[in-house]
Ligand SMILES: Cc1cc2nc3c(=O)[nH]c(=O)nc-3n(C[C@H](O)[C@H](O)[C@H](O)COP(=O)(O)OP(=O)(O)OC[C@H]3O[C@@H](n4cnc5c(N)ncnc54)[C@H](O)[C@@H]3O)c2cc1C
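Coming up is one lone chain in structure tokens, specifically the form predicted on its own.
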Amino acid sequence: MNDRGGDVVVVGAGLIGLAIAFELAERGATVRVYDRGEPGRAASWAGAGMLAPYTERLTDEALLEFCASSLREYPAFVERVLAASGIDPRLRLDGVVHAAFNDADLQALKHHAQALAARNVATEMLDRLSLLAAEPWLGSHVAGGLLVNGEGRVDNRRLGRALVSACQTRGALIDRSSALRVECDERRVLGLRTDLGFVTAGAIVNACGAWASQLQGVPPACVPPIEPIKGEMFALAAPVDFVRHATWVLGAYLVPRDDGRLLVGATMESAGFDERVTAHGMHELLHAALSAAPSLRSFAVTESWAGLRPGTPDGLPFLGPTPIDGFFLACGHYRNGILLAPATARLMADAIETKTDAELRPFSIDRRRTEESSPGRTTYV
């Protein structure tokens, strides 16, 4: 799998790290995954599982195409994970609804639909009655909406459990260690120091999410400028199929689960590594949800939580090789980590296995030096 014949070590057992490990193990690599916490947790557990590149309205063309390609890969990816794990991540690509509550917002949705049509993305404009027929829980004051076909959601918590099982079934080892330190010389990576000793590695992947810049032993040129961006969410107990599609309203989105939970999210706040759920965050989300749908007011709040998204200065992830041979980055996915898991896994495995990384170059850490040397451009460090 790699030119030194050593193991591939993935640091970080979120969905990105687990998906990479699964892809490599299926290709025959010997893979070890390390994390300080429980696999499949952190941002991977805290998200809503939205798979919606066009809903996110990404402006960077390379990132948009990356997200769109990963969405196309999702059905086959889930089939492979299900076959290896026996756990169904409950992929639902039945579209994402955007609700408008005034004429101006409805007109904006029409412009968005036109822009998507130019990209050959199928959409449907819904008048008020059509939208209420599709989602009768919305308030009667709704003006209309837009359905973006082909987008959807996956149960990210189930996907995390499925990937843990799939990795183990394919022979990948997953361990916890409170202390992790990369060891390398001036030219190449040597291995990973853990609580249990030193593990040699032909390749190491930093998939530490919001903690990617905290990984010890990494040369400065290989440290990604990652900032944690806090997001708070809560869940309501709702009847199954009360909400049928993932739905965006002003100030929030609502994502139904097959078990009846209705997820409402998500705030965005730069608050360091603070993962507390706050009264202010819950107030913002409750106000947005109840303004759009007063019918939700009698449902019980069953859970609330916060997670840390891995943000970058330009909104793009850091992926692929670094100046240290054998040390790779797979971090900084921000709001699209769950969506990008399949494509990230495939392309990172290609980069490790065959050193093929052309599709990853827009996301290379080399862009730090490019930006720093360009007057008037954003500096990354």
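When you see a residue number, it is the position in the sequence shown, counting from 1. Nothing here was measured: the structure is a model prediction, and the numbers come from that model.
One more form of this protein should be noted, the form predicted in complex with this ligand, which is absent from this view; the next part is about it.
This chain is displayed without this ligand, yet in the predicted complex the stretch 33 to 41 from 57 to 65, 313 to 321, 347 to 355, 33 to 41 comes within 4.5 Å of it by heavy atoms.
Here is the short version: of A235, L286, L308, C184, the single residue with a heavy atom within 4.5 Å of this ligand in the predicted complex is L308. In the predicted complex, this ligand sits beyond 4.5 Å of every heavy atom of A246.
Looking at I338, you'd find a heavy atom of it within 4.5 angstroms of this ligand in the predicted complex. At a distance threshold of 4.5 angstroms between non-hydrogen atoms, G281 is out of contact with this ligand in the predicted complex. Residue contact with this ligand in the predicted complex: A207 places a heavy atom within 4.5 Å of it.
Taking a 4.5 Å heavy atom cutoff to this ligand in the predicted complex, the contacting residues in 15 to 33 are L15, I16, G17.
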